[in-house]
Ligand code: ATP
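Presented below, as structure tokens, is a lone chain in the form predicted on its own.
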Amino acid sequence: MKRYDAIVVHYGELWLKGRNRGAFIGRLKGNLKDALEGCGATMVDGRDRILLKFKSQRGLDTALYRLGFIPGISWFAPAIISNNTLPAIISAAGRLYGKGDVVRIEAKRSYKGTSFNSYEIVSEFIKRSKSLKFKIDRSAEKELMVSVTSSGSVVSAGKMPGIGGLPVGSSGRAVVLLSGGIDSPVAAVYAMKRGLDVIYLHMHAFNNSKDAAASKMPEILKVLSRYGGKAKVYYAPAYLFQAATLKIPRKYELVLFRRFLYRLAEEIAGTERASAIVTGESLGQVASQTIGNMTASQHGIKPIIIRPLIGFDKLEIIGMAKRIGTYDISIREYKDVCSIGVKNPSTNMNERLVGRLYENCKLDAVLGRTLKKTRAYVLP
């Protein structure tokens, strides 16, 4: 027996948008369609929600899992669609809650063609309280929601929190600098939560991109694809940069590497029509992340550089990495060129010194050769 008929999806922040609200909602609907492929879902528009109807319980159960990863959703809940009569509404409620449950009733009536109003729905539940399997208490944590529409009453229970934010793609595109560590996957999720459609750039220490594509990186990308759909990643080799900078003092290597990485991301951003670069930097966490070094390394870079984790400490980032499911992969051993180990690194380089080192090492030419060896992969 099929327990539920549908899922109610509510969007919170999108309702605050003005004339372009429709574009944001349209983007969310497109993302839902992609994310719920194979679930057999049919969408029905509502005033402040989307109703998803399903052909099978299996498809609905799969959708309940996937909806928790889709930016732009405030909350969602399984539901039953009943006729617009009080007995039908109460019968539907009995399928959602049973013995031992204590619930409060929240009723709304957007369709005015019924003989009863929202207050009378609650009153009817109270009148029939002795015959109900569950108890009614206005201060209960569990909630039974009744929404009367022209096509039937939607009776739902058990709000499940969405991740909120804006639909992926509603804020443009960005290149995410993705390492094999803890921070950058978290930054990627926050970027997607603010509506950015992301492309990934990973600099690796392997001889070729095939080895990088066979490393743990696709595992991280698979987790991230739950939030933003199919993941496109560029694998770029680091050995050309490392060979070109062998003779510079090692204390400068970190910041020079960041400049090179930004330039590489800038080129890919041009190819992908992206207008931003996203990094996992947190202010003061390591030597390259001081104000002076970040300013010096990003000098002359045209795309805006977004640092979602700028005010986070390491424990907060680790906590989020565990919640999104990347932490256990990130802490596995991996030779990550983004965490170059340098004793006594410079913590306050200026842009002129970085620019001079960049020119002396002929890194623009190195950039061109690196781009030729960079390979793009799209993960399903």
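All figures in this text were calculated on a predicted structure; none of them were measured in a lab. Residue indices: 1-based, along the sequence shown.
The same protein also exists as the form predicted in complex with the named molecule; that form is not shown, yet it is the one meant from here on.
- Note on the partner interface in the model of the complex: the residue among Lys322, Lys314, Lys55, Lys33 having a heavy atom within 4.5 angstroms of the named molecule is Lys314.
- With the partner omitted here, the residue from Tyr235, Tyr190, Phe257, Tyr227 that has a non-hydrogen atom within 4.5 angstroms of the named molecule in the model of the complex is Phe257.
- With the named molecule omitted here, the record of contacts in the model of the complex names 195-203 of 123-131, 92-100, 110-118, 195-203, defined by a heavy atom within 4.5 Å.
- In the model of the complex, the named molecule sits beyond 4.5 Å of every heavy atom of Asn84.
- When contacts are judged by a 4.5 Å heavy atom cut-off, Ile182 counts as touching the named molecule in the model of the complex.
- Using a 4.5 Å cutoff between non-hydrogen atoms, Ser297 does not count as a contact of the named molecule in the model of the complex.
- For Glu281, a non-hydrogen atom is located within 4.5 Å of the named molecule in the model of the complex, even though that partner is not displayed.
- The three marked residues, Leu178, Gln285 and Val337, each reach the named molecule in the model of the complex, with a heavy atom inside 4.5 Å.
- Annotation for 349-380: no interface residues with the named molecule in the model of the complex [heavy atom within 4.5 Å].
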